[in-house]
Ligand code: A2P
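For reference, the chain that follows is the form predicted alone, supplied as structure tokens.
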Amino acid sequence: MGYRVAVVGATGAVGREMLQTLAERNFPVDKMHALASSRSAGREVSFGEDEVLTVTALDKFDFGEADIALFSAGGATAKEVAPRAGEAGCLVIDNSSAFRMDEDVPLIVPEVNADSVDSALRGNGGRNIIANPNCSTAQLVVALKPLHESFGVRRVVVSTYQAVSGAGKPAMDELFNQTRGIYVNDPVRPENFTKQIAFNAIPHIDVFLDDGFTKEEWKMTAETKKILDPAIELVAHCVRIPVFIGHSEAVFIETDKPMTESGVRELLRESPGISVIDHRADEGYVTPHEAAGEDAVFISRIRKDPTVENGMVFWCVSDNLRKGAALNSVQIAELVAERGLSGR
């Protein structure tokens, strides 16, 4: 069975990655629609190696002509358009934060809570909308899931080092232009970031909340609880660094049951979506540069935390445009296809 698929935001970095990922993984597509704002209508985008799609204006599209829609067009657009698409019988997989904390919208990472997909359907009381989590949360919960099942994760402390692509193509352009400009002594003019991003680190992602945390840090806490377990306590510190693609995380966990380094290493090696590269030697770990373009969540530098009774520390890296966004969305679509689900 083939599906009529729409990608909303097809001209953006994540939208293009969605199209590429759908093609690479041979998703069963009968008809592909590339959608974007009216100013992008008429542009062309690639789907696979041979097919070129002409972009259609989102406000002109009838979602009755699509079975599944992958949204990567921002929260405001999603809030306006996704409910209309769902009512037309199209199952929406949204990459924005618009619906992540809605009680009647499942927040899904397929390796973690695949069975939640059924609750999205209107026939099961859902809204035909599935939310994709924040990119930094997605890779974290893939790593935490097997550890929580085996040892009972009680508390997580995580510091993130996030690539500029998480803020979109203009942010990537800013890093490139600032880096080039510094070499020729041009003045640095921050536009998408609050401070210079080239050769710097900015401990500030999204807006500040009243308690001093940023919204990005709040998202990691709230989304991990919704996806994995509301009993898990999590505190995050999120930092933007001058890397184009690939989010990195230093993760400290405390568990109910005792762990060993070898046991954790073996458990993670056997878990879906994870690649363990952990050698206590030069180059025996993964950096965001190596993770770019890859599907896996990479785990390195596994070691015992001697400051707590049942503690472990590890390094977690993933391509934020793929597992953090496009790949996870496509994997959700694959769940829908495997189970023969329909929003109609």
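Numbering starts at 1 and follows the sequence shown. Since the structure is predicted, the reported quantities are computational estimates derived from the model, not experimental observations.
Only in words, not in the display: the form predicted together with adenosine-2'-5'-diphosphate (A2P), which the text now covers.
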4.5 Å heavy atom contact, Arg39 and adenosine-2'-5'-diphosphate (A2P) in the predicted complex: yes
- prompt: Is Leu335 a contact residue for adenosine-2'-5'-diphosphate (A2P) in the predicted complex, using a 4.5 Å heavy atom cut-off?
  reply: no
task: Would you please decide whether Lys169 lies within 4.5 angstroms of adenosine-2'-5'-diphosphate (A2P) in the predicted complex, comparing each non-hydrogen atom pair?
output: yes
message: Taking any heavy atom pair closer than or equal to 4.5 Å as contact, tell me whether Leu58 reaches adenosine-2'-5'-diphosphate (A2P) in the predicted complex.
response: yes
query: Heavy atoms within 4.5 Å of adenosine-2'-5'-diphosphate (A2P) in the predicted complex: which of the stretches 272 to 280, 299 to 307, 65 to 73, 22 to 30 has them?
result: 65 to 73
task: Go through Thr214, Gln196, Ser96, Thr77 and name the one with a heavy atom inside 4.5 Å of adenosine-2'-5'-diphosphate (A2P) in the predicted complex.
output: Thr77
- prompt: Can you name the residues of 1 to 40 that have a heavy atom within 4.5 Å of adenosine-2'-5'-diphosphate (A2P) in the predicted complex?
  reply: Gly9, Ala10, Thr11, Gly12, Ala13, Ala36, Ser37, Arg39, Ser40
